[in-house]
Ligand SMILES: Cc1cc2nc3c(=O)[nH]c(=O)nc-3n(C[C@H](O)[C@H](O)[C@H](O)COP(=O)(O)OP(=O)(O)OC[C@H]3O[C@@H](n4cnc5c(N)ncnc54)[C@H](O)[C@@H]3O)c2cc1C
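Single chain ahead, written as structure tokens, the form predicted on its own.
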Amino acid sequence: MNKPKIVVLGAGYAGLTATRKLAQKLSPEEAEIVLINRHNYHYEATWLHEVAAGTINHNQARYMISDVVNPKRVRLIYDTVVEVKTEDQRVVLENSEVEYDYLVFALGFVTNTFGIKGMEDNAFFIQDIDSARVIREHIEYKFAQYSSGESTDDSDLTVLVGGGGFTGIEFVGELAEKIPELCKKYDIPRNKARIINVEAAPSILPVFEEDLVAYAKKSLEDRGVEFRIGAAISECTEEGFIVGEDNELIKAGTSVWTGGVMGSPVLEKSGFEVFRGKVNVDADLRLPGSENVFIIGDCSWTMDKETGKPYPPTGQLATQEGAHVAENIKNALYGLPLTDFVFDDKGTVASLGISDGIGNIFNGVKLQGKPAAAMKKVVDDRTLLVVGGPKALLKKGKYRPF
């Protein structure tokens, strides 16, 4: 009898956690495990804003998959997923095909521009290591151009950030650390460089209470960040964003869109029913109507039974889903009932730069300032440990002093 083949698509938080847990729970005799990922490395998606601002090196935010997954136990395939054909249990890759008995779909997110005119062509996106590196290099290039006299337009020193959610605010927090350094390096007066955050909603950081949001906003403003709240972006041009009812053009040398994400386009290509860019999965994390396909991480909406709303798509949700899927696949292999996923919310922390932040942890304990920044590093290191194990933590952990 052939061993069942479990194929995991994507080595982000959800996919890598699922793979490592499956390898721990199942012996080589019980199942063959295959992990397919475009790159030979995993990157910390929740650190990308730091890479984009240039406050950490891109190599700190990634580690080799083969360092944390034993290639003798898990077959590693580095290729791009094109399509999943569920009717014959096959994954089409750019360079080959792979059959499966159980599939874990965890291909992560792509940027969602919500159809805003020109955003796709004229803005930068923080969506992977390479795109984050390009942003960092572009910002510095604009400062170098200005310093050399090649550019005389002050707006080239403006970084415009669309979106006041988690990524957008954490990114401007890192920029508030980095821009003064660039001004010093290129001998540019600090008041010439601007950081502007634009958000269509009436407030930033909707996941936090008003007092924490007010603290975050004042902290960032005190360090030079400007906010345009309640200002919808109607278009992104080569010059910047066109915002508000009066169609004001905010000019910038660098425009970055952080206003939304959706699941991998492979979902639709594969014929899965998609709602707002993701699949609504069953309570056991399976594709509705499927016995052997699980969809997790940024590719799925997982419902909170108490509120009737989906859980916010966070790193801790993805890792918990990955672990749960591993347990459910083991149950399925042995004919045991699958269990419903229940999210254990350990709280939320947002960084506002290296030594500042806000947080809400352990059912209502509020943090702000340095304690929140310290807790953010604890959260980041815990994720490294859960997803990559002790080796990843020792190599990449954030042991930076304030």
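Only a predicted model underlies this, so the values are computations on that prediction, with no experimental measurement involved. One rule holds for the numbers: they count along the sequence shown, beginning at 1.
FYI, the form predicted in complex with this ligand isn't displayed, but the following is about it.
**Student:** Report the stretch among 269-277, 101-109, 181-189, 211-219 that approaches this ligand in the model of the complex to within 4.5 Å, counting heavy atoms only.
**Tutor:** Going by heavy atoms within 4.5 Å, the stretch is 101-109.
**Student:** Test of understanding: in the model of the complex, would Val172 fall inside 4.5 Å of this ligand by heavy atoms?
**Tutor:** Val172: no contact with this ligand in the model of the complex.
**Student:** Contact with this ligand in the model of the complex for Asp79, defined as at least one heavy atom pair within 4.5 Å: yes or no?
**Tutor:** It does: once this ligand is placed as it appears in the model of the complex, Asp79 has a heavy atom within 4.5 Å of it.
**Student:** Please run the contact check for Phe124 against this ligand in the model of the complex: heavy atoms, 4.5 angstroms, yes or no?
**Tutor:** Flag for Phe124 set to no.
**Student:** Check whether Gly118 has any heavy atom within 4.5 Å of a heavy atom of this ligand in the model of the complex, and answer yes or no.
**Tutor:** Because no heavy atom of Gly118 falls inside 4.5 Å of this ligand in the model of the complex, the answer is no.
**Student:** Ok, Ala53, Leu352, Ala45, Ala372: which has a heavy atom sitting within 4.5 Å of this ligand in the model of the complex?
**Tutor:** None of the others qualify; the residue that does is Ala45.
**Student:** For the three residues His58, Ser255 and Gly260, verify that every one has a non-hydrogen atom within 4.5 Å of this ligand in the model of the complex; reply yes or no.
**Tutor:** Not one of the three qualifies.
**Student:** Going by this ligand in the model of the complex, which residues of 354-391 come within 4.5 Å of it through any heavy atom?
**Tutor:** Counting only heavy atoms within 4.5 Å of this ligand in the model of the complex, the single contacting residue of 354-391 is Lys376.
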